[in-house]
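Only one chain is included here, represented as structure tokens and corresponding to the form predicted on its own.
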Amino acid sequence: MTRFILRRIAYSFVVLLVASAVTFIGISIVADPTARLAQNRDPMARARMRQELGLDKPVIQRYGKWLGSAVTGDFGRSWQKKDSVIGILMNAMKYTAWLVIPGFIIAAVLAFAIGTYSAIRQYSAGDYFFTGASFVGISMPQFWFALILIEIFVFTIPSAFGMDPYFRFIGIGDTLGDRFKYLFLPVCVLVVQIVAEWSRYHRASMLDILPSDYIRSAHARGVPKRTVVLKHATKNALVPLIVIMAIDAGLIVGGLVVTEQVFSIPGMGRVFVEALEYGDAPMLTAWVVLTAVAVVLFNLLADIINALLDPRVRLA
């Protein structure tokens, strides 16, 4: 088990190193804050700005300097906001966490319950209902569903949650009740989208496990059906669900761009959009690298959990 974890960690470091190099070089080629000065045709001012930002040096040399600072937690300063990049991202991540953490917990519970129910009662009325609902949830655009919820709960019946029609974001320092009122609709949008996906994965996984020989043997020995499902079948059926949850968790750390834009949440997704519009290379690079770190870490965690649940993973 120790060798398995060390091997996965080594692979993760290689992936992160390659991802950071490709990201830094690619963004450095595309993003140039001095391009705006070209319209004024002031080559001297443009040259001075490039020298101040260190853009006159070779890209490989700049990447080496950036990497040396990044491993200590220093991602430079934002060209747009003139402030520490890591400070801006950490502040934005707080707001994203308020949306993602409750959404993930609720979605995981619902996906497990719906997927298990649909597999046990395959082709029942309930299975057909949840299957149809999941297809609707997967195909429904996020922005459209968010706007529908806003129309219903903000403008049609605004007293339902005391929502602010102008969506002035409720800060971290306000009461838990205020945060619940504001985050209710964004969390609903997130939960509907990912439950629709996760429940389908879990249902398919359960349907693969339930006809297995060891499940039939447990039934033949007289083991109660609930014990067979929850103790024997679920343990192996959770492996694919954990993998897809880990992948989604890493991606969502980068922010929910559409949801955060619609509900005016100053999270990671909104930071990315603003940096992209301005061409803020330090911010874009740090955002992509931190998102890649989250994806790799959550996938590493999923590998370890899968190895604990299924020893065949370690042997592979």
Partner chain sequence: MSLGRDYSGIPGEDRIEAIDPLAAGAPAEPVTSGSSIGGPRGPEGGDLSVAPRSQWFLFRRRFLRHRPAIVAIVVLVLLLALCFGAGLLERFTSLVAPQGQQNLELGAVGPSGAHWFGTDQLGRDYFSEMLYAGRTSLLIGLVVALLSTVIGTTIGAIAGYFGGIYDQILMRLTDLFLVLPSLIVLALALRYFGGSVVVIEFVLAALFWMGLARIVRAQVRSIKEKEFIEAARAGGASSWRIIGRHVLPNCIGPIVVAATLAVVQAILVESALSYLGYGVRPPATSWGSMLSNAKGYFGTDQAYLIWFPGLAILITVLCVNFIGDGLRDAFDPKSRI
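Note that the rigid core is defined as the largest set of C-alphas that superpose within 1.5 Å between two forms. Quantities reported herein were computed from a predicted structural model and do not represent experimental measurements. Positions refer to the first chain, counted from 1.
We do not show the form predicted in complex with the partner chain, though everything after this point is about it.
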- Query: Taking V15, G26 and I138 as a possible spot, do all three reach the partner chain in the predicted complex with a heavy atom inside 4.5 Å?
  - Reply: yes
- Segment that reaches the partner chain in the predicted complex - one of 95-103, 130-138, 228-236, 80-88, heavy atoms within 4.5 Å: 130-138
- Message: Contact with the partner chain in the predicted complex for L147, defined as at least one heavy atom pair within 4.5 Å: yes or no?
- Response: yes
- Query: Quick one: does V262 come within 4.5 Å of the partner chain in the predicted complex, counting heavy atoms only?
  - Reply: yes
- Message: When the contact criterion is heavy atoms within 4.5 Å, does F143 count as touching the partner chain in the predicted complex?
- Response: yes
- Partner proximity in the predicted complex: F272 to the partner chain, non-hydrogen atom cutoff 4.5 Å: yes
- Message: So the partner chain isn't shown here. In the predicted complex, which residue out of M49, V288, I247, L67 has a non-hydrogen atom within 4.5 Å of it?
- Response: V288
- Going by heavy atoms, what in 265-284 lies within 4.5 angstroms of the partner chain in the predicted complex? F272, V273, L276, E277, L284
- Message: My question is whether G26 is one of the residues whose C-alpha shifts by 2 Å or more between the shown form and the other one, given a fit on the rigid core.
- Response: yes
